[in-house]
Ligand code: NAP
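Below you'll find only one chain, the form predicted on its own, shown as structure tokens.
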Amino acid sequence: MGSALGSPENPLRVAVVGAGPSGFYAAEALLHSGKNVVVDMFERLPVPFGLVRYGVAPDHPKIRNVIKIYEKIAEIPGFSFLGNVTVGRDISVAELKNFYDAVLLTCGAQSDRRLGIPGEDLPGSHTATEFVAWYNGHPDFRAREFDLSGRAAVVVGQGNVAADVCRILCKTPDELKNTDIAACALEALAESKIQEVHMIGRRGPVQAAFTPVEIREFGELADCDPVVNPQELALNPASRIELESAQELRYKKNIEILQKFAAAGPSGKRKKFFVHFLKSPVALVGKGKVEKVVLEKNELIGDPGRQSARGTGQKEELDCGLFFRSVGYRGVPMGGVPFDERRGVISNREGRVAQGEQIVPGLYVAGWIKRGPTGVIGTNKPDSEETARHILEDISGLTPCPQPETGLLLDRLKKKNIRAVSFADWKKIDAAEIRRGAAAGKPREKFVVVADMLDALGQPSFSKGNKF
């Protein structure tokens, strides 16, 4: 009888699919468990860090400091990064089980929820995710085009992503030029003719999901005034109860900031940022492209903490040449993995993948694909630790993989002409981007084409000295 999984003689081999925060936090928990664990982290791009690299706004560099933590995790013995490998295309989840005792999916929520309104697919209507990925230099979105020639843009949603989109549209080129924004995006935004940006929320100011830090920044922009209708800050009785009983101070701070905006009024700056509450888009209209958005005014119904928006039938039109929706995200099904279509996540019980009432042995999830798109970067840490704990609890019941050797997997990928990128390779890409940025007075200039990332590495190396 062989040694138990996780013993000094027989490491527990875990494939982590996705190199974002949840993947790194799970890897850390497994590698620091006291067991003998090997973690191979797969990422379809040659570069790690997921939404920290491609979702955090370029003018919020401090948030990206968390990457330093992930870099330290990557140095823990037993960790390897295999970038430029797409699980589900280059290798299936079922095939991974030949090489790993457990497979942990941390691939996030990759698609946007729809509004389901007429005109939603007109040219000029986009998801906020597309825009964020474009200005952050994501290779999948580098060729996207956004019509910035109109006067007004509308963003539906009042979370931090919606606020990021609005803020980038409101900033001057000088406010963005020293960030790591993609060069193509900076060039396009420099020619923008947009003078009004409208952020629309279906509920009231107490229910807005943006943070005080995010909304406060609109009062500090070089050439844009925030505009808030004081009448829309009037609270119904249930909202007043919510505000008074709120455990988090951010709700009260949000109201205070919005009240200051409403009291100050515009100061004569060129652009205007309008915050709307209790309104929902019911249609986009235009001849061949978006020209107007039809909004319906709402009222709140329900008990404190459980209020929902109900349309009043009263409608208004808003000129709109560019429209973004930022109303939530959902996961994408993966071949052979149970998926909950209603919730948009992989079916699971506290991170253990489930098919109906049955747990799928050796298959796990963490992050947004586990719980849905909630929380901030740090929220993924306890979520991933929970799943890692269950993997370790299940260790005696896991079926040992028949081919416990990463080299055999690399050989299979090489035969398919797939170059797996190691963490050492990523550091070369990282250094090249920093050099490119320095020439332009930026912290980095990202490669926006995968082939360029790989070219920065020179000839591929599958030698034992190139750690995977």
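Quick note: we count residues from 1 along the sequence shown, nothing fancier. Note that the structure is a prediction, hence the values are computed from the model and not measured.
Omitted here: the form predicted together with this ligand. The next part is about that form.
- Heavy atoms within 4.5 Å of this ligand in the predicted complex map, among the stretches 366 to 374, 88 to 96, 140 to 148, 257 to 265, onto 366 to 374 alone.
- Contact check for Glu214: a non-hydrogen atom falls within 4.5 Å of this ligand in the predicted complex.
- By the criterion of a heavy atom within 4.5 Å, Arg203 is counted among the residues contacting this ligand in the predicted complex.
- This ligand in the predicted complex comes within 4.5 Å of a heavy atom belonging to Asn160.
- Although the partner is absent here, Tyr100 sits far enough away that none of its heavy atoms falls within 4.5 Å of this ligand in the predicted complex.
- Proximity to this ligand in the predicted complex holds for none of Phe49, Asp180 and Ala424, with the criterion being a heavy atom within 4.5 Å.
- The contact residue chosen from Gln207, Asn348, Ser125, Ser192 relative to this ligand in the predicted complex is Gln207, the criterion being a non-hydrogen atom within 4.5 angstroms.
- Gly328 is the sole member of Gly328, Pro338, Gly78, Pro304 with a non-hydrogen atom lying within 4.5 angstroms of this ligand in the predicted complex.
- Shown without its partner, the chain has no residue in segment 387 to 402 with a non-hydrogen atom within 4.5 angstroms of this ligand in the predicted complex.
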